[in-house]
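Same chain, two versions here, written out as structure tokens and called structure 1 and structure 2.
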Structure 1
Amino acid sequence: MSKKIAPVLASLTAAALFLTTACSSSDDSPDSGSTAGNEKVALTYWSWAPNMDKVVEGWNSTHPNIQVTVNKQDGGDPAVTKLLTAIKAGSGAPDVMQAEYQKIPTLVSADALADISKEAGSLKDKFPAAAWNSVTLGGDTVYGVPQDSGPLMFFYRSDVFEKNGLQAPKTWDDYAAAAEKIHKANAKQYLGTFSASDAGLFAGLAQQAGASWWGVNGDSWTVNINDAATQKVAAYWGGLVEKGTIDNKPMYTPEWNAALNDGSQVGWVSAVWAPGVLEGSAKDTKGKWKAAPMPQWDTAAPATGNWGGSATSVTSQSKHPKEAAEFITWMNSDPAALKLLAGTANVYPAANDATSALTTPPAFFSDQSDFYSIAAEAGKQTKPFTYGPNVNVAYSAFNDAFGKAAESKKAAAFTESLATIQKATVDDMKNSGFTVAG
């Protein structure tokens, strides 16, 4: 796959979902792992998800001729670097690789992933459209099977909302009004913060608004980080920061964790995996939070974005791509495997049938029985979003430019930053040998 035509859509490993599961086989799962001539095949699988070896035991126990060994890896850039090093060396690569959605273009550009279009069969119908698009390139070319996803949702302190006579915001105008009312009633409380160090969340917010930062035009890439949809999102959050109705501190710091727990931060635009974070950071507030759909730009056309998620892909150096594809099909679509992914590996399965494996809400939201119904609907409403081969460069530029904008607390600084990110991304792609239109 040349650098000219390697597009893909993106989407954090999902956090704890707290279920009890058992391993069993399914009628619609692949037949026992027999290969031609009853040959026995050994596969290796690089993954960073917890307890994935226990998930794989479910496969190994029913597929004696295709045995999978899990090698625990670091996620993110270290995992990509290690795989690319092995691919370049011509040895040492696994048969199967867990890959974050936004990393797939980089891996495809380096010829690190195998095309499994023939083996994927009718899998497309088992996943939300946005999740499936995240593993497809060039129309029907498939480079993995979606494993977990992170549809955006809104989390809020229901007690604070009730005290202020508020309901969960239906629109972003509602959110802005609620943020102002809450902060006016208690100067120490904020409905949220704009974190300039979390480009993945901002990308998801832009995705909800209709943005798609990368694309392909013939044999060329396109880059549209400075488009109208992203401008709208940047202006909105920049305006809230300038007005002072939300905070402008980064997330995932001791200060932010304390604010969640002491009631200074009373809302969070996050993803389906948020309960695990809240349980760790805001344990004293358990029972006071509710989950709701994302506020909308247009209630007549509800949409959301994604923050995090990964696929499982067959590498280009696998000597057994057919068997590897059979394994990842089972792991991400078989009902028994979905239960293991949710309850043992603690991820939110991307498959449409995920709700069948999620019969109990997360422990931190134990009194909200519709939690996963909201999550499932969000997954269906996630808009397509294409990522490119240098997402790391775009994210780094975001952290720098938006960090300065957050410090300035000027709305204009947020929107002006997008041109800087656009230029940095395009320049890097051209310098790396990609053809970029426009």
Structure 2
Amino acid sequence: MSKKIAPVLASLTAAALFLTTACSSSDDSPDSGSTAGNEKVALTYWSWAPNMDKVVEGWNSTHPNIQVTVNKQDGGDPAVTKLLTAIKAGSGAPDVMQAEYQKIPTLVSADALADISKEAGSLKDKFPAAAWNSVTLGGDTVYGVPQDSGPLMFFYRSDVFEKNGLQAPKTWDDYAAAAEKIHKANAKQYLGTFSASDAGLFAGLAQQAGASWWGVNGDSWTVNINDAATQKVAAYWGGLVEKGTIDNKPMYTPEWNAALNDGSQVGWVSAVWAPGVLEGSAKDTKGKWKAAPMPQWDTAAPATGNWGGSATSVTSQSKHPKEAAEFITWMNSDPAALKLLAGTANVYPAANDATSALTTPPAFFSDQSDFYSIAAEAGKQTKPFTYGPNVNVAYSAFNDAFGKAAESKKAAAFTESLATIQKATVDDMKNSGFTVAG
């Protein structure tokens, strides 16, 4: 009995504290008050965002009875592997977990996330529809609160563009023409590279073109990796690689870092978080970069995709799901927390209110005062995209198939790869027993 009541009382008290954060700590000394008020709840939180402990300090200092400890993770993939292992083992999972949007269906399907629709369902209007859709998977269950998003943007070396008499590309045709002109003028320079190891970026580019690789149709899944929109994107990048006007080497290698820094890579189709990466990889080129909206397929209907972004979820093993839900609600929607997220943890908050927290451009783009208005515009144009329960299967198949295609430098190999990925993804789902339409 007492075991069942204690958490409820604790959470009620916590809720009361939550409403009166300002005075709660001074009014109630820990020794006085009801016994339930002394019930301290300790939560663990897995995250890989930098400085997250400083954001959490903002919560801990005002919520003495719900203390959160950040446990720094290596990154999205290792954290998911660890969490799934803990779920299988029956213990060892944290209370709160940073979860990339594309991993949420995988985690839900492994029964790793708790439903927090009671605590956080009312937050729907505070987030862009695409982000909210990622945490509800289109249903009524809420598997997390969106934290950050990564709308795609285009980054380029303005000095190189000026030298070649070029403007920021408005369409993908412009981008192709600019890539050709730059490479012709200087055979060592490329406007970009096709990276076979970044399936997330390619998915974002397909998203921009209108693809949604998975979908739910009644009681069955649909998989559309080889659809017309994705074919268009694959053919486009395959064409550029075949022509040799862009490079075919993967991103995030020492080679690529050096190429960004020495001016061999003079553009990057990336997301709103790119300044942080460029600051680390291309520090010698500071002040020469500019951000622009994504090149478009159809300028009349501007669209963009996402690369990265994550939600904060409560795990199914948490013994204090209510307190955990309260904490993540605060962290991702409270104005003070959003300011900490943007300013200290350097993430681009998903919440609609965040625009007010983002006034000064990132340090690497300090001259570009409209940086965050471009980002906000991109965020609004993000197309809906549904992830499936086996994103990792599709992404690893992407790596292998497009790795071969990029190495062969043949546009036909790019478009053929999509059929391979589609088949690997559907076969895996059918083998596991998922109902897959078509």
Partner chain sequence: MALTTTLPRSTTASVAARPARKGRGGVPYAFLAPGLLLFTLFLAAPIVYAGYLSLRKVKVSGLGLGSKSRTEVWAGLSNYSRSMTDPDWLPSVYRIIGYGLIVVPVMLGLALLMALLLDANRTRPALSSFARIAIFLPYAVPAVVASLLWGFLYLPRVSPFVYALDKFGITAPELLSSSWVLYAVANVAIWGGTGFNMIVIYTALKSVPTSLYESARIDGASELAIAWRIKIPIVMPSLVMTFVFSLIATLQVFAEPITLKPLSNTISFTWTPLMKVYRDAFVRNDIYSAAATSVVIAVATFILSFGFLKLVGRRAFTQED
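We call the rigid core whatever largest set of C-alpha positions still superposes within 1.5 Å between the two forms. These numbers were taken from a predicted model, which means no experiment stands behind them. Sequence positions of structure 1, starting at 1, serve as the residue numbers.
- Between the two renderings of this chain, the form predicted in complex with its partner chain is found in structure 2; structure 1 comes from elsewhere.
- Superposition on the rigid core between structures 1 and 2 places the CA atom of T62 2 Å or more away from its counterpart.
- Relative to the superposed core, D198 undergoes a Cα shift smaller than 2 Å between structures 1 and 2.
- After fitting the larger rigid piece on its C-alpha atoms, the remaining smaller piece is found rotated by 11 degrees between structures 1 and 2.
- The two forms line up on their rigid core, and D111 then has its Cα shifted by 2.7 Å between structures 1 and 2.
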